[in-house]
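The chain below stands alone, shown as structure tokens; this is the form predicted on its own.
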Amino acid sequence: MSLDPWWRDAVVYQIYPRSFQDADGDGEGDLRGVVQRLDHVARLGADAIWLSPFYASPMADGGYDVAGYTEVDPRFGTLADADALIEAAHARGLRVLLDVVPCHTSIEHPWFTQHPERYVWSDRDGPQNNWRASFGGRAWSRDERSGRWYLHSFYPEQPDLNWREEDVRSAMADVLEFWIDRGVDGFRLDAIDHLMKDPDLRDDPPASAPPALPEMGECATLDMRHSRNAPDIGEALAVLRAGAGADALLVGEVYLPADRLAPYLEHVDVAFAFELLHAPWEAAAVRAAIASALSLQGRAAWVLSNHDFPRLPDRVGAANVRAAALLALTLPGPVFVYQGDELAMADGPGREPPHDRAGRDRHRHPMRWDDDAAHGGFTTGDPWLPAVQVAGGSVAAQERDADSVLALYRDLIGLRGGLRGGLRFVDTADGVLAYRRGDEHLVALNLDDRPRPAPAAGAIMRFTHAGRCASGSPAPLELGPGEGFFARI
């Protein structure tokens, strides 16, 4: 790893292609639509984009059920469209990360019938053990064609690959090499704590304490020491690193607390800091989550929302989204911004019947580009999910407002490049989180629901609400609920 890689303090913008921009009027976003909106990402100041899956898929899990790793699903376009997107992003100075799903395939992937040895099977007529699927229910289902029972850590339509098979390892390394050869700059590796399981497929014992991170369904009732996170996980990760090459950025989605990430960081560059994503919006809890991730020495990837979890207004409260932006964009290390966060988009209603059985449709509504256009400028057709209103207005509306959330994101990302040094917490009033960045800058946020004293600071570089405190003004002595500042010391 380079001493100063490009991603060290990068801002990575997550694009969920199905909801970003529809270029052909069929109601679903596509790769050509992404190209049409790349200037927005570039103006934001991002360093890279991360694209959620656009591979061939029956869409049982929003594209995370892959039926062809080197094919583009027709709803998103063609391989030529993917090449054009990579080229267009690079022309704007944006690096490109793809989402790779190495844990499982779609049950409709040709491998499932042509190479059944690449999957995990029970040796009996029934489930092999007591393992539970992440979305609920048992983690074993019967294959109607063969009569055998297969393992699925997620939906039954997503059979798990057997990463103890050399054939699986070489095939997945080839997938990464295929996309590297097409010009991508790295990968977000999905659910990699599920890659290696106990070789004897032993039962998970009952849980003796609550899980370190929130779990769905019955998973919280078990200590998942055998179904996930096997001690020899490094063998699988080394294969992924070899396929991607030494220079590619590898971002691990590892659903574990920071103190259990060391084996993953031997091979991936950074891992998501899920403790911060799930932390209650309280000063002590947020401080503890940040402190835990800082132990990774710059290898934490900060994230406050994504396509799987509630959007910021729903998680931290609408009054706190500006403070959340200030927090994320002043932490040391790479930060990931989910499309729409820069507008303070909230969750939508989803739809009935749902596309996603786990209830995540509400986090995936289309981007709001122009309030004067049909469906917010997302599509000329009928959108796959409703194009909901945004309280602060569309991109077009917020571009006209110097005190919009969009303006805050652009300003903070612009200032981020001047941050140097590590992070040191500053003791302050209850309910206030404050920290120094190096010897020159101080960040302070009020996470309380009442006005609180602010720590002493010099001139304001950016206040959460520019209309209340202009840049260059003296730092205030008090912060209202949801307020914060980035200031000189």
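So that there is no doubt, residue numbering starts at 1 and follows the sequence shown. Please read all numbers here as calculations on a predicted model, not as lab measurements.
This protein has a second form, the form predicted together with ligand GLC, left out of what is shown; the following refers to that one.
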Of R95, R360, R169, R416, the one that lies within 4.5 Å of ligand GLC in the predicted complex (heavy atoms): R360
The unique member of E253, D185, E342, D160 whose heavy atoms fall within 4.5 Å of ligand GLC in the predicted complex: E253
4.5 Å heavy atom contact, V101 to ligand GLC in the predicted complex: yes
Heavy atom of W121 within 4.5 Å of ligand GLC in the predicted complex: no
Exercise: D190 in contact with ligand GLC in the predicted complex, heavy atom 4.5 Å: yes
Interface membership of D61, ligand GLC in the predicted complex, 4.5 Å heavy atom rule: yes
In the predicted complex, segment of 395 to 403, 408 to 416, 238 to 246, 300 to 308 with a heavy atom within 4.5 Å of ligand GLC: 300 to 308
Ligand GLC in the predicted complex - contacting residues of 119 to 133, heavy atom within 4.5 Å: none
